[in-house]
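Next up: a single chain in structure tokens, the form predicted alone.
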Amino acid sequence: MREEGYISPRQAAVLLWFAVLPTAILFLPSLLALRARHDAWLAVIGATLAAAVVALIVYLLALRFPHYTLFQYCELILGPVAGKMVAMVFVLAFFLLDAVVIREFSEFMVTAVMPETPALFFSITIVAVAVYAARNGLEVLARCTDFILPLMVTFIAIVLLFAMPEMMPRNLLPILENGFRPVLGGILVAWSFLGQVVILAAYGAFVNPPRALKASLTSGLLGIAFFLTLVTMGTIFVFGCCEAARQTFAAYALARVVSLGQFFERIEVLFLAIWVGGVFIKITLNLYVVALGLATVTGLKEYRALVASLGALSVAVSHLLYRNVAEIRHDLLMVEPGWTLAWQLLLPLFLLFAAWVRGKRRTGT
């Protein structure tokens, strides 16, 4: 059942970027403006520090169980019955996360781009391509990021650079006007995105060499924090916290304000093309992890047979979870922080503690 291919530490870090950034840059700036007001950028930094704890736990577990995935060492630590139950919790969590991302994608396309087209059409289209990519394995997916990453980085830099004439630094002031409480609320909201770095525990076993996982986690998390902080600050600079909070897709709105000499404008079309590429990687990676995890728990030797059926099921669930984009925003503000805290932080911490108490450790494959 094991993945045949291996990925480099750099590819693992880039995959981590795509596991978080595509939906985070679209939804998070406006949610943080709503919760933390002028201090939205501080909430990103605070959430990054919290996510660093998850990264440390993932790294310590990987040191104890090199060449083993998250789903495999659940059984090694807790035994066959309890281990399979905990592994299934992770499978379900990644499955629900993938369904949420699929619905976020389709709602963005309907709300901002093609309002007359049914959301289900976008969901089916992107999942059909994701199924094909996931069946080709992790190595092929990692190579796809080599093409999309330079485009995404260049475009973010262009948007921030050409939006500078519209930026007003005073929109960031006063800092900590209402104390730390709004910042803490913002950290919880941002956490539900940044905590997704736990996904590296599922594919970290295929990083070669295994000891380079520390560099992958560090560079991946720092890259996510860097771009997320820049986009959040750029949004507040341009719109101010009140207007930014009213923007459903703040990063998309930021791309729309770019105008240079009345000939370089309407670049939100480029945003759309590049963002779709990024969210495709995120949906595919989550689908791959769910199929890999379910195959591990059920004892199948091959995960590929599960990918198509899981993709179809995730489309159906994504359209049962929410009715519109307002419900998605409410879920991201009120439900996801608590749920993600449980499975992205507390459960991995419990596994590490149990492995330490029971003295569980494996070397080699």
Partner chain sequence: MPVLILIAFLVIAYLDATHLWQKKSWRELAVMGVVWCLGLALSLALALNLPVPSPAQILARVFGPVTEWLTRLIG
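Positions refer to the first chain, counted from 1. Quick caveat, the model's predicted, so the values are computed rather than measured.
From this point on, the text means the form predicted in complex with the partner chain, which you will not see here.
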| item | value |
| --- | --- |
| Interface residue in the predicted bound form among 60, 45, 300, 53, criterion: non-hydrogen atom within 4.5 angstroms of the partner chain | 300 |
| Stretch from 22-30, 300-308, 36-44, 63-71 whose residues place a heavy atom within 4.5 Å of the partner chain in the predicted bound form | 300-308 |
| 76, 82 and 354 all contacting the partner chain in the predicted bound form, non-hydrogen atom within 4.5 Å | no |
| Proximity of residue 137 to the partner chain in the predicted bound form, heavy atoms at 4.5 Å | no |
| Contact label in the predicted bound form: residue 223 to the partner chain, heavy atom within 4.5 Å | no |
| Partner contact for residue 184 in the predicted bound form: the partner chain, 4.5 angstroms, heavy atom | yes |
| In the predicted bound form, residue 349 touching the partner chain (heavy atom, 4.5 Å) | no |
| Members of 326-349 lying within 4.5 angstroms of the partner chain, judged by heavy atom, in the predicted bound form | 331, 333, 334, 335, 337, 338, 339, 341, 342 |
